[in-house]
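Only one chain comes next, encoded as structure tokens, the form predicted alone.
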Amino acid sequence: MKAHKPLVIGNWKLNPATLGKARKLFTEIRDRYGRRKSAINAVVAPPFPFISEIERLSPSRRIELAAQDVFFESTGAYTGEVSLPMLKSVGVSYVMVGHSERRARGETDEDVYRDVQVVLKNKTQVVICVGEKARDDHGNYFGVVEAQLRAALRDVKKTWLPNVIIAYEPIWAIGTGNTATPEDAREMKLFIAKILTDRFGRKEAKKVRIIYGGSVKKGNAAALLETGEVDGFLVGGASLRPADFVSILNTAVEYVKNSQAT
């Protein structure tokens, strides 16, 4: 099967503080990244209030848009929630669900399951975040990831798998400066691929991209792609620094070029 097109998502989280600063951040990323046709999917996930303006600043969609979360209902008396139709209407192509920071604030496996269902039923790409809080000498953290995966993928149809992305984000590595080694990332990617194969079969499981998140930097991106064999990144803090984020994007582009040349 043809290798996956790498996916790099910049998760801005609750940043920046104003629309003006969001415009400046995105414009600098866009201009540094350039206008060439890219071999990767470059994506940013701004806070909800900024999405429409960022969409206007990227008419070519060289840099696509992701949402940081979604609500499982389309309309109704749900104060403060944002639905998938709303997100799609302002140019969102990817939706993150189950990010560890949301799970830490009370989001359950059942919440994640419902979000996954609404995104996939509406033919939109879903980024399912999974990861352990800590590692132990007995490998129990594999069970944590497996439970999250099986809960999220319940009732997912094989035909939906091209729109499924799994983001492995070890919680102990998020925003800490501690990154899983490339070998750790590869080991977990293989484990996730096995769970997908058990659930859907080998051929169908290969349609799912498995990306890594957790203190991704320009200095470790190449090794995570080459040795870790991940299909891209979910980038946090570095996505708020245009030079660093574009360096990560360019590393992914170069990885594809080198892979095609060998």
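Numbering starts at 1 and follows the sequence shown. All of these numbers come straight from a predicted model, not from anything done at the bench.
There is another form of the same protein, the form predicted in complex with a small molecule; it is not shown, and what comes next is about it.
- Every member of the trio Ala173, Val216 and Leu234 reaches the small molecule in the predicted bound form with some non-hydrogen atom inside 4.5 Å.
- Residue in contact with the small molecule in the predicted bound form (any heavy atom within 4.5 Å), chosen from Glu132, Glu101, Asp184, Asp111: Glu101.
- Look at 165-173, 151-159, 186-194, 119-127: in the predicted bound form, residues with non-hydrogen atoms within 4.5 angstroms of the small molecule sit in 165-173.
- At the 4.5 Å threshold, heavy atoms of Lys13 reach the small molecule in the predicted bound form.
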